[in-house]
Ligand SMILES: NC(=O)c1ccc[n+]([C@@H]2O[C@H](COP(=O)([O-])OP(=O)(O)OC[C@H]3O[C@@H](n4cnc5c(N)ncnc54)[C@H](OP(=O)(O)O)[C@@H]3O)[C@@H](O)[C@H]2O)c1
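Below you'll find only one chain, the form predicted on its own, shown as structure tokens.
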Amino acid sequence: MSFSRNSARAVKQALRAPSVAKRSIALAARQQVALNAAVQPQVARNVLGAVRGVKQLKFADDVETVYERADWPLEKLQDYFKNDTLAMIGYGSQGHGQSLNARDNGLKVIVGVREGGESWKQAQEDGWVPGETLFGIDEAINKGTIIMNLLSDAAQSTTWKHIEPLITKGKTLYFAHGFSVVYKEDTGVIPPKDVDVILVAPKGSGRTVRTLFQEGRGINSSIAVWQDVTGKAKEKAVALGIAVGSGYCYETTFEKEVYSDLYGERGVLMGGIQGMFRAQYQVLRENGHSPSEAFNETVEEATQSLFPLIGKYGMDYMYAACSTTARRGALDWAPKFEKANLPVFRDLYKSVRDGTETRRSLEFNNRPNYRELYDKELAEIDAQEIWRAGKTVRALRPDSKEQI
């Protein structure tokens, strides 16, 4: 954590007025120490520099522990895993991003996928070498000490009876999602009792995990422990979180991770936003607005102007950056949208927690033609007028690669 604004101002004033420099710097330092003591009682402090490493930070009214990349410099990370082989099982979006990041961090990583399939071909294109760093699933598990099961949720369920005997004593079982273990009655995934079972769940797609790592930033991730046999499971989870590209790791449980994840992606992250976009667009079109105007007012302004402001500075900043007319309307209508949506979100959370969403996902994703059915539904979204209009709008952006 850097200086507070008042502390930073005091230092600047001290530098401009040498006669009071020592007193001003001392005051700024005392202010920062007091702030650190209030929210980070267990953190090693450097008064005139940034506080690094494990932090206890106040989020709203709760104090939580946060683990950061700076506490695991590359040499420490490589030394910690010097006797380990990370076996990435599955090479979908998360498997791709996490394995490449861990490899770039200098760890020994191998990939295990079905030989000859699309994932096998993709892995080869990314530099994984058959017989050296690319193997069939069984061989990769046998060679690995940390088994990173990043197959799809449905595939984890259908392959578990075969995989489970290969997870022998001394290995670590790693997940990027709590789905299979938390809903074990539906998935049948019950880990062996003699291995550490941990989770690192990046808060974004595997592609984002990769790009943020390449940019030198790092994604936020949740970490959790299901089973601690060695007494080092949490430490291992934190280290692996950093190894696969996290900038900051937040502690949770397997249950809370999967509940929040399934709930969020069905809500404002994906399902809810698609539903609201379509509803607003439809009403504008019903009232005579053109497709371009309806799209610009619904999607373009949101994603290109307002949402980035929320992400960077917060909701209040976004409100303050808009006209007083827009601000007044937003403040008046937000409670109405909250009231209207609360029953839907409560039903959604209940559906996640009682396993209804899990059973629906497993049933659908285990159908032999599930890819064909998904493609059909996605094609229907692509064909919706709102997104057809969006292609033309996006193509006009200076950095666009789309063709009008």
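Keep in mind that what you see is a predicted model, and the values were worked out from it rather than measured. Heads up: residue numbers just count along the shown sequence, starting at 1.
Form predicted together with the ligand: not shown, discussed below.
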**OP:** Would you mind picking the one in P291, G106, G92, P191 that has a heavy atom within 4.5 Å of the ligand in the model of the complex?
**Re:** G92
Original post:
Heavy atom within 4.5 Å of the ligand in the model of the complex: which of C322, A302, L77, A155?
Top reply: A155
Subject >> Interface stretch in the model of the complex with the ligand - options 276-284, 223-231, 156-164, 325-333, non-hydrogen atom within 4.5 Å >> reply: 156-164
**OP:** Indicate whether the ligand has at least one heavy atom within 4.5 Å of a heavy atom of R114 in the model of the complex.
**Re:** yes
Original post:
Hey, in the model of the complex, does L86 get a heavy atom within 4.5 angstroms of the ligand?
Top reply: no
Original post:
With the partner left out of view, is A176 within 4.5 angstroms of the ligand in the model of the complex by any non-hydrogen atom?
Top reply: yes
Subject >> Touches the ligand in the model of the complex: G144 (any heavy atom, 4.5 Å) >> reply: no
Original post:
Going through 254-284 from first to last, which residues have a non-hydrogen atom within 4.5 Å of the ligand in the model of the complex?
Top reply: none
